[in-house]
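Next up is one chain by itself, shown in structure tokens, the form predicted alone.
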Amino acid sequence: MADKKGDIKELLVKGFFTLNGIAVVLVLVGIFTLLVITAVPAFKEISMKEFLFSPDWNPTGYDGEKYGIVSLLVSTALVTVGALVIAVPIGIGAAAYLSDIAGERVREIAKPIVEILAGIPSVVLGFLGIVLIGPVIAKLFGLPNGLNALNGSVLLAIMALPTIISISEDALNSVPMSFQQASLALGATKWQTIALVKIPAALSGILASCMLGMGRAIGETMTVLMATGCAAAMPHGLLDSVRTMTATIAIELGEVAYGSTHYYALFAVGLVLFLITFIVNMLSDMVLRKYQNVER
């Protein structure tokens, strides 16, 4: 009788988690379907070639409406790559420090700080960019203001750091102790062991952390809206004002006429952003799975 109750309980738990998994998939498919259905009408008025290859985004221009997303894509890529250039070395270095060098007391203090950093609202970081980082950038480079791609990159790097640090540390901790012992036995120093043995052995997990950090940066809205200047023009460097895809949707969707070409075009931008984020997360998941299979 007890075994029968246990089997029923196990089936109920299994069914509960199965339903949750199905629900998540259905939500994802529903979001994708909604974006496709709402984006398709845009291409009745906009050519696919113009949308994907034109650098001009100006839905309210006097010389005609323009719906090219190249400048938005380049702006998003510029800010995201800039954030990764800053966050990846700092994140991997911090993960290596927490994993192999920091004492137990330091680790107990540092880990909660990293977790708190992940919970800071993006609007607060946006204020930080406006009142602190922006003026510093303007002074360093002799600019009238610091609202540019570099400002956004610094803030997105701060937001991506918790993801990179946490997953990279887990990857480093998963490297078999025998690797480290063998390296030290052969005469390598602790720093050489970390740089030449542990990090290469945990590279798949570290790459996955960087890709997840990139996904975090690509999807951020409020911070880049506040700190990058929001100029819908083709940027030529990190010191130019930019407008990312997320910022464009946030700025324009609240004021656009429902059912207009502009309205549907914004959903088309959202669809492109969804696909980019989905691909990045899928690739990072594949890398993580490969890493876990190698460890097994």
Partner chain sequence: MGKIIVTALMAAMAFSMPASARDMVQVKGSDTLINLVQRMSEVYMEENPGKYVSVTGGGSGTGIAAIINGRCDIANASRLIKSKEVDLAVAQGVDPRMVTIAIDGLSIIVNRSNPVEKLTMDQVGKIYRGEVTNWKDLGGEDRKINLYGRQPNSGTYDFMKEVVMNGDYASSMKQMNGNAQIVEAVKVDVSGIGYVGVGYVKDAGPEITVLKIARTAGGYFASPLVTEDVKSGKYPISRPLVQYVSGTPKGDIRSFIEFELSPEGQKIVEEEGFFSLSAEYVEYNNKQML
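Keep in mind that what you see is a predicted model, and the values were worked out from it rather than measured. Numbering follows the first chain given and starts at 1.
Just so you know, the form predicted together with its partner chain exists too; it's not on screen, but the next bit is about it.
Figure note: of the listed segments 179 to 187, 213 to 221, 138 to 146, 107 to 115, the one touching its partner chain in the model of the complex, with heavy atoms no more than 4.5 Å away, is 138 to 146. Mapping the unseen interface onto this chain, Asn58 counts among the residues with a heavy atom inside 4.5 Å of its partner chain in the model of the complex. In the model of the complex, at least one heavy atom of Gly229 sits within 4.5 Å of its partner chain. In the model of the complex, Leu125 stays away from its partner chain, with no heavy atom inside 4.5 Å. The closest heavy atom approach of Ile133 to its partner chain in the model of the complex falls outside 4.5 Å.
When you look in the model of the complex, the only residue of Ala257, Leu26, Ile37, Met48 with a non-hydrogen atom within 4.5 Å of its partner chain is Ala257. Looking at 234 to 256, the residues that come within 4.5 Å of its partner chain in the model of the complex, counting any heavy atom, are Ser241, Arg243, Ile251, Glu252, Gly254, Glu255.
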